[in-house]
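Only one chain is given next, in structure tokens, and it is the form predicted on its own.
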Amino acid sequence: MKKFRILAVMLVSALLVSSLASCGGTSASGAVKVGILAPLTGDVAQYGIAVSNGAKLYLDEFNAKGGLQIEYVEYDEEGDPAKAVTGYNHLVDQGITALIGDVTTTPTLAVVEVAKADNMPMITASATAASVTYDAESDAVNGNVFRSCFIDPFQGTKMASFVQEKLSAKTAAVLFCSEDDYSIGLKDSFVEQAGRIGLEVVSTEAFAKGATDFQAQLTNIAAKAPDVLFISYYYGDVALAAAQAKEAGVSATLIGADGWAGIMEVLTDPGVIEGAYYCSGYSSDDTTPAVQEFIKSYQAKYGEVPNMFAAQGYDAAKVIVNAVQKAVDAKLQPGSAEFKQAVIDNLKATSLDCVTGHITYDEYNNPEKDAVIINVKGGVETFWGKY
């Protein structure tokens, strides 16, 4: 009986240690757990699937090299902020020690609030609102949050300068969603930069989230006859607005930001955006070896050419795994407070050649890199160049 009791205690202790290891950032096999939070179904699933695919491609390639192994746990938040928080909590319960996600701005902001309290290392591939990494109200950087994409002010500022310098635009109009942080951030930065450089904004028209009829706004814009029309929103709504813009008599050159990525897949008539330009983080026409190698690997795994979101997902995974590897090399326990802080410190010190460019971070945890300009010519998205 005494031996049996001793064996029983030893067995329970072993199970407890195994359970704690599994919940403390590693799996039973010793792999470090990383979460992927993305909308895999719903209205913005196209973004989420691409980011997820890109991230998993890098993680699989990394694991195939041997050495440290990364076990990824994924959650579909359906593009909903409340479900994003639920998903984050679920991933934490699964024992993740770092997070890739979320994808679009509003769910990401919801997750940031809870991830800050956990000091969870977090990198988003595509949430571009400045407030994701910086809280203007408290004038504080969200120290645990990073991104592999550039921010809304960067894009809005870039596009205002681009149309004036490269398209010789003198006047501009803006169509934006008044209920979306991403859209508002782009609009604000575009208008501010336009004011600084003397590009006259002749019309600023808002629409509600979920709107499908933009005729009233576009009629007002058409009456102002601007040289360019900045539609600062996501591809599905942009496709609808672009078609209606032609009907309303808008002759302006259409311009946009990275939310346009994927628009060709939802347009029935690509002619409605002929001649348009938008800001992006990546182009498949970029001949840089790292870009072409990524495209080849992605096509082999998923059977399609990767878009910008896939490239930024791949880079997000590379950046965070590099930070995790350094924390492991320092012999810290995955899941511990010391490990998480080390990962954050390593993220801050990032200097990596990635698919979307060489990534380092500024004081707001935003990447410093060039932007790609995409031009639609002959119904095809082409690589205009970097600006």
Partner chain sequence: MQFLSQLINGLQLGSIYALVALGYSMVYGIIMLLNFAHGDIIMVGGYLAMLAIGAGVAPAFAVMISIFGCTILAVIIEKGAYKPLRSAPRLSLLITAIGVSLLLQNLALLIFSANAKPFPGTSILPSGSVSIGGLSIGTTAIITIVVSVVSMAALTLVVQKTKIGKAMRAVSEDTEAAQLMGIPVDLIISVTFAIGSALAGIGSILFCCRYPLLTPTMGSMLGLKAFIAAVLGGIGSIPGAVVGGFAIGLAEVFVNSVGLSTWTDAVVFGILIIVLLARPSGFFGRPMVEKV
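Model, not experiment: these values are computed from the prediction. Positions refer to the first chain, counted from 1.
One more form of this protein, predicted together with the partner chain, exists but is not displayed; see below.
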Is residue 81 close enough to touch the partner chain in the predicted bound form, meaning at least one heavy atom pair within 4.5 Å? no
Contact test in the predicted bound form: residue 205 vs the partner chain, heavy atoms, 4.5 Å: yes
In the predicted bound form, does residue 220 come within 4.5 Å of the partner chain, counting heavy atoms only? yes
I'd like to know whether residue 120 contacts the partner chain in the predicted bound form, with contact meaning heavy atoms within 4.5 angstroms. no
Suppose contact means a heavy atom within 4.5 Å; in the predicted bound form, does that hold for all of 91, 320 and 345 with the partner chain? no
Partner contact check in the predicted bound form: of 236-244, 153-161, 108-116, 293-301, the stretch with a heavy atom within 4.5 Å of the partner chain is 236-244
Which listed residue (267, 252, 199, 85) meets the criterion of a heavy atom within 4.5 Å of the partner chain in the predicted bound form? 267
Identify, from the list 138, 212, 168, 287, the residue with a heavy atom within 4.5 Å of the partner chain in the predicted bound form. 212
Taking the partner chain in the predicted bound form and a 4.5 Å non-hydrogen atom cutoff, the residues of 161-192 making contact are 178, 179
